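Next up: a single chain in structure tokens, the form predicted on its own.
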């Protein structure tokens, strides 16, 4: 069974890598966008597993975007390398901020992280000489000269790396530590778990991932501005995809991102001026009628099917 799972994973990776050879630029762009939000969703979910509700996704996404684009523009750094510089910059800022805001809990932590994007936006708008102010900055050309296949592969491997990190969180001692913190901090502390160390570690790692995605996004379009870098969509859509797919897992955000991402593009084509309303209604319906997400519903159905099969087998 384990061997079959490994074979299935390898098959998905191979199909994902070869995908550009069978489709045109538009489907590639759609899937690249889905991978972008999937990666942000996974990073948000990884922080949520500690019990801390972070709304700083858009903030660190924008920081990574600015760091990547400006290092390429002013220092001539290779665009691909600049993406990881963006992630490193977001991680450094998260490390510095973490010492203050990770002392907070629940709604206080959530509100503080939500304010980060606003603070970063104000800073970006007022540093005209460096960031271009409200108008932003433009690169001479997008990464890979705008080649959609190479851009897709870039996001594909970033997504794979994020999935790997998420699975490491799920399959190592990190999982037991952050789950204990989420369930009961007092019990976790009495068990010898260094709560602040684990919270800071997860906060820095997830912020670095968000910075990498922001850097890739900025290099993909060759442009950045405060409104585009710190947009609420980079916070709200990943959260919606995680809730729809199922939280506290790797597979849940992946499922939610694929379904809602493709659905969003389909609705956009059908209803150009009303797709966001329909999209919002669908998300609310999913959260209301599937509180544990699509993955939770699938697990429930499979469990029920297995129980019924065992009952029938015993009856025979």
Partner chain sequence: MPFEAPILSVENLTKRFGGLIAVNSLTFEVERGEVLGIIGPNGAGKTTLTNVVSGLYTPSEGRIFFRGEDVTYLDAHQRCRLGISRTFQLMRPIKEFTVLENVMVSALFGKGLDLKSAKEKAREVCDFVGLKRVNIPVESATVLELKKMEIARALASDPELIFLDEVMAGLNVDETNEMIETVKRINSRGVTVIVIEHVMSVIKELTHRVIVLDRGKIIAEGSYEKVSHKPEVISAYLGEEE
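All of these numbers come straight from a predicted model, not from anything done at the bench. Numbering follows the first chain given and starts at 1.
We do not show the form predicted together with its partner chain, though everything after this point is about it.
The partner is not drawn, yet in the model of the complex one stretch among 200-208, 98-106, 179-187, 221-229 has residues with heavy atoms inside 4.5 Å of its partner chain: 179-187. In the model of the complex, no heavy atom of residue 150 sits within 4.5 Å of its partner chain. Using a 4.5 Å cutoff between non-hydrogen atoms, residue 165 does not count as a contact of its partner chain in the model of the complex. Within 4.5 Å of any heavy atom of its partner chain in the model of the complex lies no heavy atom of residue 125. A residue is said to contact a partner when one of its heavy atoms sits within 4.5 Å of a partner heavy atom; residue 193 meets this definition for its partner chain in the model of the complex.
Only one of 233, 78, 141, 172 lies close to its partner chain in the model of the complex, with a heavy atom inside 4.5 Å, and it is 172.
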